[in-house]
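The chain below stands alone and is given in structure tokens; this is the form predicted alone.
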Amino acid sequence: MTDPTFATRPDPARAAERDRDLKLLLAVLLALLGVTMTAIYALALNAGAAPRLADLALARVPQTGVDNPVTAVLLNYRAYDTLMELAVLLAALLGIWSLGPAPAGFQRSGPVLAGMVSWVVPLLIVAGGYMLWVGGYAPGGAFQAGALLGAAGVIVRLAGDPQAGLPGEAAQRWLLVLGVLVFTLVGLGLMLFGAGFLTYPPKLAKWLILLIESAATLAIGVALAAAYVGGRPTATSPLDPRPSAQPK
């Protein structure tokens, strides 16, 4: 009697032939894609009369209120993108807080590490302020400055402070929304005075961008440090010597 499952058994030779055909089809498609991209690149090189976006952006940098083209792109040309990036960072931290309270802090640092932290953390804060200010005419800006502030919080957390040197939960919430809030209020204020949303007047562009970047620096620094803490702030004081503040 014929086995009823015999007809459904895969044929090794046919399976191998199918795999070979699929690999051949993939190779042909990749070759066609490579030829197409090469042709597009060659046509773009020959069409030299069309203006390059980079040239247009650099030509308008003096109108942006800053001298650094990177800052001009982030805070002027593509200000909407930067606003959304701050909102995403805020949403990410709210997601971390929704997971529950932060874990217990590390063991308190000894005198050597504590002495090093007392020197390094102020230097990081000063360097963050410098990166914020220099971003108007050289590499720097809010994200770099905020990263340095966040690093300072990480070091304080590693040294035994369970709150990473951050204030209480209420103050953290205000600092976290500060970047998005100031960014949005500046845009709405410009609309009230007849300009477009985040369309800075040339005479005020420098100071409005500095205001936005200052608020964004604080928000980014707090968000990064709070994300490293890894949970919603607890009511435990950073100086609380009880065993609950020690690692389990």
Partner chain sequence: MTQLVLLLLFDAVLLITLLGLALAAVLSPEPRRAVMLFIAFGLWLALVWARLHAPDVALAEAAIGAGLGGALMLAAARRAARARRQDAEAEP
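Numbering follows the first chain given and starts at 1. Source: prediction; values computed, not measured.
One more form of this protein, predicted in complex with its partner chain, exists but is not displayed; see below.
Proximity to its partner chain in the predicted bound form, taken as a non-hydrogen atom within 4.5 angstroms, holds for one residue of Ala147, Ala159, Leu124, Leu178, which is Ala147. Taking Asn68, Ser214, Thr64, Thr184 one by one, only a single residue has any non-hydrogen atom within 4.5 Å of its partner chain in the predicted bound form, and it is Asn68. The candidate stretches are 149 to 157, 162 to 170, 76 to 84, 110 to 118, and the one lying within 4.5 Å of its partner chain in the predicted bound form by heavy atoms is 149 to 157. Although the partner is absent here, Phe106 is a contact residue: one of its heavy atoms lies within 4.5 angstroms of its partner chain in the predicted bound form. In the predicted bound form, none of the heavy atoms of Trp97 sits within 4.5 Å of a heavy atom of its partner chain.
Contact between Gly129 and its partner chain in the predicted bound form is not found at the 4.5 Å heavy atom cutoff. Looking at its partner chain in the predicted bound form, residues Trp133, Gly196 and Ile209 place no heavy atom within 4.5 Å of it. Within 4.5 angstroms of its partner chain in the predicted bound form, the stretch 108 to 145 places a non-hydrogen atom from each of Met131, Pro139, Gly140, Phe143, Gln144, taken in sequence order.
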